[in-house]
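This document opens with one chain alone, in structure tokens, the form predicted alone.
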Amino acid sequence: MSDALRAPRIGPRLLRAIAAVFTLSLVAYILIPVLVTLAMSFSGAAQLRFPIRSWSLGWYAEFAASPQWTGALINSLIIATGTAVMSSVAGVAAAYAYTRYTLRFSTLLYVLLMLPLFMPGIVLGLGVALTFSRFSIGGYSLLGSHLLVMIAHSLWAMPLVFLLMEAVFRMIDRRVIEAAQDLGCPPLRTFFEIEVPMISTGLISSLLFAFVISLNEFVMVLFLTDRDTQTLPVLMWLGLRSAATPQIAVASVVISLSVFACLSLIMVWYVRQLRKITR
């Protein structure tokens, strides 16, 4: 009898148990830091301490009443929204061209598009700061502006949009598009009326992923913002170095809720599109 036949077989129940334990461990690994931060935001102490000895909503009230913290949150939302729009437009256009046309040096182009994704944030941030430090538009300096941070964040967000949308464009049934073109539909109208509904799930996902990447980014922002345009992660880092109050935990909860809201929107949109397909 061969060694393969002699080897004990792992039953399906054991495999399911192993998979369940691994999944639960992974979920706990992800959720425990989030839950600890959430609990710390309700601390009544003057500094971050664990375990919590008193509970209070005071730090949430101070966060809402602080122009510095709310201003940083508004800056983060403005930059994340602009980054999502810029990177989505560029990434979708690049993915469309890459999948629809035969391009010279396509392999080199692909590597160049992916290169910023693997570069350290400190390198990209310093490079963008040095490159645009003397640039201005109508007397308005780019360094320290929302626009420059959007451009820098797009260096990371655009390759992810490109990766996702490239796969989406390759899965489209080309026969539907060719049929529309054979019936005389112009290319631009074909794209917006035929292709956009077909890629809507990937498009919404790309937009929200880019938003989340920009919202959470910290390293590049250190080089590119000033006091008026600093984002919430930067203010959290500065607060951690000085007072280290539970207000930092409140800011963490705000960012986490924004991320969970984006993920929920992606799931809701995906389920809606799936139901339309299965009807």
Partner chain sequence: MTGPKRSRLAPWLLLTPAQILAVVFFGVPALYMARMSVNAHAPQSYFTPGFTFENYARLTHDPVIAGAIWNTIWLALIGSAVTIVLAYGFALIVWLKPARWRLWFIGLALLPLLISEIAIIFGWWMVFPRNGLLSVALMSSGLITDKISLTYTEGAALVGQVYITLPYCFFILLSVFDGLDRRVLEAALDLSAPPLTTLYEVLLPQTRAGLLAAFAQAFIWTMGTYATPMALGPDTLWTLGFLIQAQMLGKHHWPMAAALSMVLVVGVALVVLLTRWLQLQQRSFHV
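Model, not experiment: these values are computed from the prediction. Residue numbers count along the first chain shown, from 1. Only the largest set of C-alpha atoms that superpose within 1.5 Å between the two forms is called the rigid core.
Although it is not shown, the form predicted in complex with its partner chain is what the next lines describe.
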*Taking heavy atoms and a 4.5 Å cut-off, does Phe260 contact its partner chain in the predicted complex?*
yes
*Quick one: is Ala65 in contact with its partner chain in the predicted complex, heavy atoms, 4.5 Å cut-off?*
no
_Non-hydrogen atom contact Phe42 with its partner chain in the predicted complex at 4.5 angstroms_ = no
*Taking heavy atoms only, is Arg227 within 4.5 angstroms of its partner chain in the predicted complex?*
no
*Could you tell me which one of Ile74, Val85, Leu130, Met171 places a heavy atom within 4.5 Å of its partner chain in the predicted complex?*
Leu130
*Select from 118-137 the residues with a non-hydrogen atom within 4.5 Å of its partner chain in the predicted complex and write them out in sequence order.*
Phe118, Met119, Pro120, Ile122, Val123, Leu124, Leu126, Gly127, Val128, Ala129, Leu130, Thr131, Phe132, Ser133, Arg134
*Compare the position of the CA of Leu265 between this form and the one not shown after a rigid core fit and state whether the shift reaches 2 Å.*
no
_Exceeds or equals 2 Å, Cα of Leu31 between this form and the one not shown, core fit_ = yes
